[in-house]
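Next up is one chain by itself, shown in structure tokens, the form predicted on its own.
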Amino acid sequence: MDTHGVVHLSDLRATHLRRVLHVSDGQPVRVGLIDGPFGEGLVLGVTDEVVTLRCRFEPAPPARPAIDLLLAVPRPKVLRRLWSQLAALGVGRIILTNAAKVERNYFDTHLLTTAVFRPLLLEGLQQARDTRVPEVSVHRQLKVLVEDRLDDLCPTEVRLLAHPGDAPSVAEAVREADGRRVLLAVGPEGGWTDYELGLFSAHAFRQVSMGTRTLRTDTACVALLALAHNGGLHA
């Protein structure tokens, strides 16, 4: 993009503008800068290869979503599905970690590399019309993460731990957080062990639940985040 806000697109964005939106000269379209503000682009020209826009942006970017996710690394095929869904639903940070019931080889998957997961996150942001890319970190030792790293990563957040059983709903817990940022921990499909539950409890995590059903990781994440946002999280 030049100093006058003019950009020439020749990648998948141009293909989408031509084939899906069927843009023409003079048409306005919604645009956004990654980790920056929203704006409007005016179509200046369309060819078989290039779409040219003149863009104007709002003064400030949108607020980062007010919930962060601590997630035990799921199976690779589940993780692939999750990246875009998490970004679309809205999370500020994704903290991936080990757990007793996480297979060690899950950490060897290419899906944990930035080159692979970032395009999937951007796909989710495009779907949801957001620009704030979730921050991602990977931690191979749960105990070290909870005891030594979490206070630096998430220093002021209300901490919630999702686990099947008799506990308050995540929406109720979010309402009680009264606008503060929330960190939600979601375990592996086999659940957190008693030791892990005790570790989280000792570091200010409050247990929440959606009942007694054991859910797949992707189902649980989508449902929990939807309930959390419905509970009154503020961006």
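In case it trips you up, residue 1 is the first one in the sequence shown, and so on. Nothing here was measured: the structure is a model prediction, and the numbers come from that model.
A second form of this protein, the form predicted together with a further copy of the same chain, is not displayed here; the remarks below concern that form.
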query: Residue (of 96, 150, 89, 79) lying close to a further copy of the same chain in the predicted complex, criterion heavy atoms within 4.5 Å; finding: 89
query: Contact assignment for a further copy of the same chain in the predicted complex, among 169, 27, 193, 201, heavy atom within 4.5 Å; finding: 169
query: Residue stretch of 150-158, 97-105, 127-135, 110-118 approaching a further copy of the same chain in the predicted complex, non-hydrogen atom distance within 4.5 Å; finding: 127-135
query: a further copy of the same chain contact at residue 216 in the predicted complex, heavy atom, 4.5 Å; finding: yes
query: is_contact(residue 9, a further copy of the same chain) in the predicted complex, heavy atom dist at most 4.5 Å; finding: no
query: 4.5 Å heavy atom contact, residue 226 to a further copy of the same chain in the predicted complex; finding: yes
query: In the predicted complex, residue 21 touching a further copy of the same chain (heavy atom, 4.5 Å); finding: no
